[in-house]
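Given next are two forms of a protein chain, the same chain in both, each as structure tokens and marked structure 1 or structure 2.
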Structure 1
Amino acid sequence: MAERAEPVITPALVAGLGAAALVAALSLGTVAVVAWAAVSPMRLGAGDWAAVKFTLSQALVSAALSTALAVPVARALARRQFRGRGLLVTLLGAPFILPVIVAVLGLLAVWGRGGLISAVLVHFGLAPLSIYGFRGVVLAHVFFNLPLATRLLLQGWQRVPGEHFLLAAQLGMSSRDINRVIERPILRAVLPGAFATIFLLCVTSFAVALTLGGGPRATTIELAIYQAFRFDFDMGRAALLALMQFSIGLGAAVLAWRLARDAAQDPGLGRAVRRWDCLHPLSRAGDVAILGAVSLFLLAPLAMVGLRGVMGLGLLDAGVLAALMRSVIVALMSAGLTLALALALGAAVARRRAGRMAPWIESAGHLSLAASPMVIGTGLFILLYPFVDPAAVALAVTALVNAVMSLPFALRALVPAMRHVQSVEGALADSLDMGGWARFRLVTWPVIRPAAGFATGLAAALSMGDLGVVALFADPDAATLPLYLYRLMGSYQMTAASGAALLLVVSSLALFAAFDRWGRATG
């Protein structure tokens, strides 16, 4: 029996093309707008080239340290089974959704001149630490990206069937042999993609450079764009820097995509993985030491934010509640838009995954990985300035840009689930002539709802802590909570800033948990 022909133009395809066009316009069109609006010659000075050099050097060092340190951490987690292991793995993901400005405050509380380590050094007559500049930027990026690299490597290790280690034990292979035959191929498959992904994240980082960098020798391209636009209003410099930033980001994104390949593994029989090569007491002690050190490195700043935040809550004025409300509004708008765009793109890709347009639609959804929020914000500012007061639309524009920046993470969660629905239930739904809203409500949504809840919660948490576009648009009297926190830090009100940081962390995690629970709820 012949298959029923499917219309070439479907509502899902139209919605997907519309979402892809919007993302492409924001990612590519804003760069063109900045270049078109330039009224001065487009040339870079010595300070701009220094910013390019600093951006690349800190990103390379940060990515190298993050991935190198992640190898022993992921290996220790893969080799050990212990009570609380699942909780530890979950906590390793906390820095990823933690607001950047909060993490910086926590790092200062531990590593700064007035932090715990400096207090110990001063007690012994040594000079306190200073984490501003290159060292501080690299330290913050390692703090954020070491957990990500660990999770990526751990996923590779966990794909090794238990039968491989059983066979290695029967052959009497040593720990060194197992590392050479089994573990190194995993690293060769996963490590390059993890390095390229983290390099990309470090290149496009803004809040870290704004708070811990600055100065002629510690300025990134993102920060140079912000300074050229916000303080100098030099469109020529901003445009050229924006083009350079996008070129570097696009190159890193393509490299990360090409290198991010899964290691081919025999599926095995599903046996539990048991390691006979790590039973020696010294091996166990080494793994415990590694996990203890990384836990202390990641959790100590969070603990300091919590302890100091409790003391700082009483020092906050009434403005913090207004800033909190603005941040929640932005986060909710951004999360809703992210989900809508991801559903539109995912439906188009899943229904037409064998067609020629599907790869282009999916690639458009990931364009924002190469784009700079600061470049997108600058382009939108130029477009809107002749018609409306940019401060009047600051929250809406911030939500829009945050949604586009969160879209790649949402697609990574939703697209596999939507493809699974199409492959398993698609033929039956087609035979029943089920389409449109009924198909989505009865067939697609029940399966993808957990992924949708997770993606929406992640988008809300990331938007809640964003300190990027809002710095360009916001009026001094209409700050979001991250901007309010940054201004407290700038005026050296560190205890009050800790109180605002604690409020920001609790709000971000509450939004993430609420959406994630909504996705996992039944009925």
Structure 2
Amino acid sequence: MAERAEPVITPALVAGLGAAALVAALSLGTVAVVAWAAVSPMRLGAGDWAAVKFTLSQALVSAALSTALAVPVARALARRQFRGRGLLVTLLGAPFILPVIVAVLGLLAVWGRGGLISAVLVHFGLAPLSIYGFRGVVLAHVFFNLPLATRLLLQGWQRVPGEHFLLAAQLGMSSRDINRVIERPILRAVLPGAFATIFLLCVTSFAVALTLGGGPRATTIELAIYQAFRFDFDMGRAALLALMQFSIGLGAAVLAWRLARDAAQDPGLGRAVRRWDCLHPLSRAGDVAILGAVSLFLLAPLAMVGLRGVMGLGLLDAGVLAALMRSVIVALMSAGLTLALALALGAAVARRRAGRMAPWIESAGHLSLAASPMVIGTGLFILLYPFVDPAAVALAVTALVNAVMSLPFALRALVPAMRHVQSVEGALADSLDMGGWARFRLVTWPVIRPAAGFATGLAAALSMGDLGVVALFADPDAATLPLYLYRLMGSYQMTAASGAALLLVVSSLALFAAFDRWGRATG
């Protein structure tokens, strides 16, 4: 087939490049700014190498465990239809969007020395559980990331054409056959990406690793960056460490890209997947056990957050409502921005003849996964301070940075959907000479709307829970809810803080669920 010559520069490409440049400026550019501001020569300390080693090892184990556990969970969710399945999927996503401190206290309420499990052990005369150390870090990271891994794998399952499962039923395939013929190829396609994403999330972890790590052994690169700023005021070292974090990110991305086999499949008819291979009571019991165990693991700490929070709700005053409002507004702005950035990047990447530019644009969108919030915040501060009052732009900066931080997850959801539209309906739209807004509104949007709803909801929830860079820009009179929560804790108001935490969890989830529903609603 002869390819029609097409102008290389299209509006979609320009918007995509613009978005990519913005993300690159915020993630890589801020490192350069920090390095430029450094007075002392740039060098790493001995402890920094230990930090790199610990960071890598805990992230590898955490990511491996999260993704490995997600396989049976996603499989059980994909092949079972039951009442409350949708609610369960939404709730299981909650740990991922929890603010770190809330999640840690929730986890400790179950697994800690003073937690539920230890209480039972002590009751029977046994020693309390000790989770601090490497396993504590891994436990917490699995708690945070198992839901994300499950969602990413589930997306893979949903991309399988419905006919394939019907075909499998007709051919009398057993669960094992289906696993080999259908499921393993899905995993092959989505596992490396999921692994790399979670690996990077664990690489940039800081407070979780420290709190549950049990001591300075558990020093991650991000903590070393924090130390360089705050303790040593050594910006050169901070910039070097940030670069180190980026190289790790690059390595992970390249590895994932090489391992992933893009199983570009024809889209199916979207029939509800019914399965005949897993009707056996044992198979059913297995799935019930898996889903039950995972729900318990993920939801028990949340329940404890809720339980403790209820008592604190009464202690909150009007200030918390103002903080909540601010957070919701920031979250909405941030989510809108994320969606806009993701659409711009997605449109550039999913073009029919995207060319060699596409992988670069798409990678740029993921840069923030390996970025250090501390470096972004400081870099922006150095840049903006001479021109504006940091407090005046605190919320805008927070919204922007949060948007960029959630972008990788939005892209994960949106880009496959946009590619799908392009491959299925792109030719038809081309032939009708549909372009620009009409094409987006009539062809692209209806198809990607569920993915867009999910991505926007996730971005909003992540922004709700994230302290992000706001600490450096904070206006004392305009605290967001997470900052308000930290302030309560810093003033001995632990019970009230539990109430604020509950409020935060509920509002984050509500925002997520609202967008997710909006995406799936027809019309």
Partner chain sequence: MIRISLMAAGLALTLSGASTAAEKPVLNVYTYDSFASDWGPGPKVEKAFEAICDCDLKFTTAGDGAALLARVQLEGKRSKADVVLGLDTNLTARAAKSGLFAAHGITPKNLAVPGGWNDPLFLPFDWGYFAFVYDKTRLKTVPHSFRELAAAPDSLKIVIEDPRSSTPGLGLLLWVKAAYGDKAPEIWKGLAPHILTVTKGWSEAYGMFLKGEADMVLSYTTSPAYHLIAENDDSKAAAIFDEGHYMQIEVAGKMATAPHPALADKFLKFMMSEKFQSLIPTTNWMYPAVALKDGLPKGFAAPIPADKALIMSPEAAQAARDAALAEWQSALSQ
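Since the structure is predicted, the reported quantities are computational estimates derived from the model, not experimental observations. FYI, numbering is relative to structure 1, first residue = 1. Rigid core here is just the name for the largest C-alpha set that superposes within 1.5 Å across the two forms.
One of the two isolated chains is the form predicted together with the partner chain, namely structure 2. Residue displacement note: L324 has its CA displaced by under 2 Å between structure 1 and structure 2 (rigid core superposed). Superposition of the core reveals a Cα shift of 2 Å or more for G133 between structure 1 and structure 2. Core-superposed comparison between structure 1 and structure 2: the Cα of A70 travels 2 Å or more.
For A189, the CA shift between structure 1 and structure 2 after superposing the rigid core equals 9.6 Å. Comparing between structure 1 and structure 2 on a rigid core frame, one finds that A119 has its C-alpha moved by 6.1 Å.
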